[in-house]
Structures are given as C-alpha cells and as structure tokens.
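Laid out below as structure tokens are two forms of one and the same protein chain, each shown alone and named structure 1 and structure 2.
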Structure 1
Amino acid sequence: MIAQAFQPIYTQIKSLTKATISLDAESVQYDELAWVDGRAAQVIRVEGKEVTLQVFSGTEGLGTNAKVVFSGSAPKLRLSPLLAGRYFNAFGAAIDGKEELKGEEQDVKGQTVNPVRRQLPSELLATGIAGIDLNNTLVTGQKIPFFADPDQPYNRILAEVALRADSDRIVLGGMGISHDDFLMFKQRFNASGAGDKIVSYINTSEDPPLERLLIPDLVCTTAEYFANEKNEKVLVLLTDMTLFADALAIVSNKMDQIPSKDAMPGSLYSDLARIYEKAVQFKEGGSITIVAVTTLNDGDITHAIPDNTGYITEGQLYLKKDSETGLTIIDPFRSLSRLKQNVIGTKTREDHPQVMNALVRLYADAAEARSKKENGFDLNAYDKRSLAFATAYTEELLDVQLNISIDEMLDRGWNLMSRFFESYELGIRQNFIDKYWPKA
C-alpha cells in the first residue's frame, strides 16, 4: 500500500477504542485504506464528516494526536496470470520472497454476478473422496462448507481437496491459520507439482486478527479474474470462516454496536452471504466453486456462524471421527449437497443414485444395531452383518485418505453389498442388480 502524493495529514482524533478510531475528515470513501502513525487501517463508517477506521493491529499506544493519512482509494489488487503459484498477505503484498506483481489494478470487493450471466450449476466437480463424490457430489458453481471440530484435520483435508479436485485454478484464503498449517499447505502444493495453479492469500495466527477481514475479498477478486476473464474452472478454499466472523465481532463490539445472537454482529448474515454468493457457473464456461471451513464450538451447529452459513450455502460436509475405526470420515447422515441431483446418474454412472442410497441405508441399519448392542439387546444375524458392513464401508470407502474415481467407488459399493447382503435386501432396482452385481 502506497499513499497517493499530497494527501492531507490529520492529527485530531476524536475517540479511540481498542480496534477503532474516529475523526473528522474530508472526501473520504467507505472501505478506503489509511495509515494511523504508520499502522494499516480501513474506513468502516462515514457519517457526514465523521470517519471511523478499524486499525488492523489495534490502537494500543496511539494518542489523540496520531497522524492519519488516507490512501485515496479502497483496496486494489494487481491481476494477471502471473498470480499463479504465488503467496500474498492480507494486503496483496508478496510473502514468498519473489518480486511484486505488475499488472492491471482492480478494485477489491466487486459486485455479485448479474443473475442474467448465471447458469444452473450442472458440471461435476470430482475430489476423489467418497464421502463427497459418492454421497454428497459437488458441482461447479456450488458453495458448501466443511463443519468441523477444532481438533479435526480440516486443513489437511482441504489441501487434499485442492490437489485432487478437477479444476483449472485453486485460490486459497487462510484466515488465522497456524504457521504449521501454512507450511503444510506450501509443502503439499509444491510436492504435488500443482503449486503453479494455486494462488494463496494468508493471514496466520501471528498476524493481526482484523487483517482476516481483507482475505475473502482478495480471494474472490482473484477467482473472478480467472473465471470471468480466462473462462477457467476455479475452486476457492476458505479457512477458517469462524475466525473471520470472530474478527467481524471484534470490530462490531468495539464500535458499541448491539450484538446479535452469540455476540455476533447483526450484519453477520449479509457479511457471509456477500462472500458465498460469489460462487457462480458462467454461461461462457468459467465457474467459481467455494468450499469453506467453519469450525464448531463443541459440535454446536446452532451457533450463529454455522446457523447463518447453513441458510446461505447449498449443503454442508460434516467431518467426523468414526468411533469404531478411528478414521476421519464425512458423516453420511449429517452431510448434504443440495445440488448433487444435478449430476448423479447423468454426469456419473446410471447406478450412482441407487448405490448411494442403498449404502447409506445399510449404514443406518448398522447404527441402529450398534445402539441395540450398547443398550444390552441381543443382535440377530442381520444386525451382525450390518455392523461388519459398516466397518468395511468406513475403511474401504468413507476414509478421507482414500483417493479413487467415482466409478471405482460404485464398484467398491457393489462389492461391499454383495459380501454382506443378499441382493433382495438392498432395495435396488432389479435391472441394476442384473447389470452390476458382482459375478461369482
């Protein structure tokens, strides 16, 4: 960020909180960047001449005579194909030791795509993870979160999704991630050879929390460039949206705004929707698909952050540690992709819907048998077969570490059902059984 020449310097601050300052200033615009004694800040409210700024690193040590200089513009980002393979901070400055980019400057935080240019999402986005591709199939242009407890390996799984996904470009936004996770992303991307198609904007846990608020706009602006200008299939990965929302709450609370549910700002829904609604399938062929992580507090999905997220997005993917095998899986019961019907059985093999439904129903039978066992009831032969099936289903299909094609997932599903059940127990149409039942 470089201030424009001849910008006036203000030295009369009217009020300070731990995160914001207010002063009178002329010709200042909402979202404009500024410096307060050299600290980066951004305008978050303009009421007549009175301007309020959020100071990203906090206001500790500032006095009412601190020097305030406005940049004259809202955040901008240089866009070019040379973004690929690069790492940047929340201000779009390079953090990978390479030179700063040259290219066309564009305003960050653009408008949502005109509905006229949108197309119904109908292109398969495969990830190699059966809990997604088989049970909760994704399509390009979809927006969906991972709901995960903080102790689950959600960033590792997000990295796997990035490397396996059938996409032209990946744009990663890290908000409050640990330095270890940052290194993990870099190492996995570089080792895979896919690093040259990934653009990353990173705010670590060591950086000022308020800088997280800039990350999603940088990510979405970059994604729109590649999807709109280059007609590419872009996958956006955001982690962790809970930490993004917490930063919103910090600013809201320091401005003495009345909090809404769970101490979140009343604008939480619109703040989240503005990001997620960037997901789009363009008629011209490019697309933006958004997969984000929302960490839960003790698994509480009624908290304002996951609750609002669920209304905005088209489903959710619940990460879960399987109690029997200890493996991390995507919960077949609580997960949902509302757009999977657009592709399963048409863009995937014809037996996909029937196999998916049969496997989940049998897994539910196993859950019921496990409950019977835990409550001291006797198990019948079918219950015992269901429990054995559930273990094999978890180890051979649901384990997120597995990386297989959708056709192989379906073949494994048929094999699992034939090992533990008779064909008449499946509830699958006979013509599919005749065609796909494993031959002895």
Structure 2
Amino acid sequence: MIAQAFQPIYTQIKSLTKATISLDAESVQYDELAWVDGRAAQVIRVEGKEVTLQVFSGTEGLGTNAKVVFSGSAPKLRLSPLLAGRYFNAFGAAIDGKEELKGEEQDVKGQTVNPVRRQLPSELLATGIAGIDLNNTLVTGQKIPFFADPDQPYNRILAEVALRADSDRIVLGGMGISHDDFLMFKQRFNASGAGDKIVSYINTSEDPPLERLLIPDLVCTTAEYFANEKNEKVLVLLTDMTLFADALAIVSNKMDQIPSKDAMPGSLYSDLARIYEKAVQFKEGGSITIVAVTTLNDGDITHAIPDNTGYITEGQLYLKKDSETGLTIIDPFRSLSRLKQNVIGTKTREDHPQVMNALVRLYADAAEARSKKENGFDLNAYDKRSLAFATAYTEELLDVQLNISIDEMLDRGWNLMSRFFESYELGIRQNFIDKYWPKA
C-alpha cells in the first residue's frame, strides 16, 4: 500500500475535525485509501472537488499542511495459501515479524453471492456442548454470535468451540480485544496443533478504535478466498462485534448523521448484515461459518447492537452464569439456532426435536416455580419436581465444560425426564415414548 510514483501529493487541508480532514483533490474514488502524514485514512465523502477523509488514528497533531497521498484504490488484500498461520493488522500488514505476502491484490469489498447459487446449509457442526449441539445445533454455512456480558469467559469459549468444531481453516478477526485474549487465542491454537490452519487479523484495545472498521472485510475476503477458490470449510471468528459497531457510531457521529436508537447509525442493520451474510455454503463444498461475539451491557439484548444482530444472524447463543449452580451455561430460553431444523431429527436421532423442546418447556416450568418461590408462595409438588429437574439438567447437560456426543445428550435427556416426570407430562409423540422412555 505504498503510494505510486505518479500520485500527486496534496498539502492544503481545508478543514479538520477530530477524526476527519477535508481537502480539494482530483480524481479521487469513493472508499479510496490515503495516507495523511503517514497515517492511514479513507475517503468517506466526495462533494465536487472537495473530499472528506476519515483518519483512522485520529487527527491529533496534524497540520493544515500535512502531506496527503492517495493510494489509487479502496483497501485491497493479497490472497494466497501462504496466509495460513499468519497474523496481520487491520491494514493487512504482518504483525508476526515474518515477511509481507506477495501476489496480486484483490478488492476487499467482495460481491454478493447469488442466492440461487447457495446451498442449503445442512452439515452438522458438532461442539460437544449440549447448549449448542442439543438445544441450538449449528451447521456449516451458519452465522451466529455469542451474546455475553463482559465478565463472561466468551473468548475462551469461542476458542474452545473453534478447536472442537471440524474445519479446514479458521480466520480470526479480533476487534478491540485485550492483548491478553489475543495471546490466549494464539497459545490455544498453537497448543492444539491447529496454528497452521489459522489466519488472524488483529486490532487490540491498544490500537486506534477506527482501524477495527477494516477488520471484518479483511477477514471475510480471506474466508471467501479459502471457501470459494480452495473449497475449504472455513470457520470465521469475529470478536467483539460490539466494539466494531461502536466504531461505526463514532464515524457517523463525526459525519453529522442523524443517529437512530442508542446513538447508532441508521445504517447499522445493513452494515452488520453485509458482514454476517458472508456466511455461505457453496455447492462446490466450500463453506463459511461465522461465530461471533457481541458483548452486552447489563444483559440488555434490546440495545441496538444485539437487537440488530439478532435480526441478522441465524440465532444467538446467550452465555450466562446459572445462579443456582454457579455454572456457565448457554441459556435455553433466549438462545436459538435457526438452522437446527435442517439437521435435527434427520441427521441426528429422530427423537432430537421433541426431546429438546420438552426439556426446555420443563425448564420453563422450573423458572416459573422459582419466581413463585421468590415471591414467597408455597411450592406444590410439581413445582418442587421441576426445580430439582432444572438443577440436574444444568449439571448433567447445560454445563459448557462438558464434552459429549449428541446421542449421549439425548439419552441423558430421557433419563432426566423419567427421573422427575410422568410421560404424559411431556407432550411427546407416543411412538417416541414407547421407544425411548427408560424402562424401570
């Protein structure tokens, strides 16, 4: 990304704000990258001759005579199999001390996949975690975030899921993650022997926040390269998308755009969708699965960021600490996998859908009993049974530390139901009861 020799140098900046500069320039492209006294910047508005640039690291200290050089194009990336095992920053420059990649540069704002060329995602992606495999089964080509309060061990669980799920390639996009978490990812990947199948683009909390706006495009372009051209099964990890959205808000605010809910730009939905919709199953076999992290404020999922995310992604995995047992679980209520229908009961055992739903309904009964108890009412026999069931369900199935097969999960489910309930209390199809209800 070095200025080409014939590019003119501009030195007359007309106006400056905290994050942007404006100047008169010729033949500038929308979204083009530029350098302002060596700082990376991008064109965000053209008006007649005047162009406005967003300076990623901020304008502090820039003079009106700063040197502006345009790169001649929107951000690009060199794609090659040699990306594997490497670590880059938000501009695609190496941060692992190894040499820069060579090869042809490609646009990072990729094209839309033609919907009629997509395949129905229906290959099960097992993780050994019942909160996922049993209740919210994932498939390749799906996009799904963890919703987590900041104090949850979301990055550790994300790394665990990434290593357990079967994939040919992992592309990690770190946006504003702590340096410690960055090292954690690196160590876990290397320790598991998967270090060579991973490509990482990292912006830590120590880097300028606006630079993280560039991360998802690099990640998705890399994923698309391996999935479409190399027919690989690619798993994309994006963490933390909330910090990405916060950066979007800063820019739109600087541009004097009218904010919509929670000070977020009105285009938040489209901005996030453009990234998440990169998840795809190609018919040639390659796929992109996106598992992201969206951190919450005080568990508030009605905030614009998780809310828009939920409208875009194919479900969400809501991480929380169970107050009774102290275990970290994936909340059976607010979590959802919208693509589970494509595999459960067909690629998994036939009783899967009904067992899963019955368990969650019983867990809902327990939640009602708990609130009854909290309000000081006497519990009836059924309430007590459902509370006992909920504790056992949490310990024997929901605990994210467990690593068991789906058949084992279903067997444990039947065992739990038969320990605490009568078969008529479940509303499960009679033929399944006849077949799977544990005989005394």
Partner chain sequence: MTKGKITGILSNLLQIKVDGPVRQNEICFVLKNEQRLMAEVIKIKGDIAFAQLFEAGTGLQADDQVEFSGELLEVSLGPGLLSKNFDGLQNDLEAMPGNFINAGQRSEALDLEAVYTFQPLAQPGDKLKAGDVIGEVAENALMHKIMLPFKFEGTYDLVELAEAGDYNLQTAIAQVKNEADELLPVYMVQKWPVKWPIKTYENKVRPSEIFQTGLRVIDTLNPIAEGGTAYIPGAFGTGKTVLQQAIAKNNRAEVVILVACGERANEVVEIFHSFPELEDLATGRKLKDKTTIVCNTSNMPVAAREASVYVGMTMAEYYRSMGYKVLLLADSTSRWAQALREMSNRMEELPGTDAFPVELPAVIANFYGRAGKVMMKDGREGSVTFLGTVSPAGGNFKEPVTESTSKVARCFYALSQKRADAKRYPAIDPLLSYSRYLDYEEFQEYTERSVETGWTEKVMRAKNLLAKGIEARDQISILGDDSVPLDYHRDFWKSELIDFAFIQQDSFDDTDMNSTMERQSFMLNRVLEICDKKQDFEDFSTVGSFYKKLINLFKQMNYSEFRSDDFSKFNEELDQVFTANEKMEAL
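Counting starts at 1 with the first residue of structure 1 and goes up one by one along its sequence. Note that the structure is predicted; figures quoted are calculated from it, not measured. In this text, the rigid core denotes the largest set of C-alpha atoms whose superposition between the two forms falls within 1.5 Å.
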Looking at both forms of the chain, which one is the form predicted on its own? 1
Return yes or no for H352: a CA shift of at least 2 Å between the two structures, with the rigid core superposed? yes
Determine, after fitting the two forms on their core, whether W35 shows a C-alpha shift of 2 Å or more between the two structures. no
Using a rigid core superposition, assess whether L397 undergoes a CA shift of 2 Å or more between the two structures. yes
Keeping the rigid core fixed, what distance in angstrom separates the two C-alpha positions of E374 between the two structures? 3.5
Quote the shift of the Cα of L426 between the two structures to one decimal place in Å, the two forms being superposed on the rigid core. 5.3
